[in-house]
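First, one chain by itself: the form predicted on its own, in structure tokens.
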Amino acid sequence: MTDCIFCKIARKKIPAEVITESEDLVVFKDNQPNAPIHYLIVPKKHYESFSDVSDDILIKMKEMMLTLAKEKELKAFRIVANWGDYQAVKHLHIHFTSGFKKEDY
């Protein structure tokens, strides 16, 4: 998909604050964060939603979440993934957030 903003970020056609990447995934800061730590975990290949992605990529996304938590020494994190009409960007992605205070929720 050529017009997808996440595809463009993955191909480095537009800038983003990349945290880390692998052969299949790119992780970058959300440009409208709602948490002190708010990253997007995005497959480099375009998948519109969970309906389209292989289990292999989902496992890699899970492994990336755990790696981020370990590297950032996080005691807790929250993940959110939207599907269908709830997706603002029609490219599979997971919001990885942390840094909340317990009293914030």
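The numbering used is simple: start at 1 and walk along the sequence shown. What you are looking at is a predicted structure, and each value in this text was computed from that prediction instead of being measured.
Below, we refer to the form predicted in complex with a small molecule, which is not included among the displayed structures.
**Q** Indicate whether S51 is a 4.5 Å heavy atom neighbour of the small molecule in the model of the complex.
**A** Close contact is absent here: in the model of the complex, S51 is far from the small molecule, nothing within 4.5 Å, heavy atoms only.
**Q** Answer with yes or no whether V18 is in contact with the small molecule in the model of the complex, where contact means some heavy atom within 4.5 Å.
**A** Taking the distances in the model of the complex, the answer for V18 is no, it never comes within 4.5 Å of the small molecule.
**Q** Test of understanding: in the model of the complex, would S22 fall inside 4.5 Å of the small molecule by heavy atoms?
**A** Taking the distances in the model of the complex, the answer for S22 is no, it never comes within 4.5 Å of the small molecule.
**Q** Residue-level question: is K45 within 4.5 Å of the small molecule in the model of the complex, judged on heavy atoms?
**A** Residue-level check for K45: no, no contact with the small molecule.
**Q** Each of Q32, L40 and A88 having a non-hydrogen atom within 4.5 Å of the small molecule in the model of the complex: is that the case here?
**A** Yes, the whole candidate spot contacts the small molecule.
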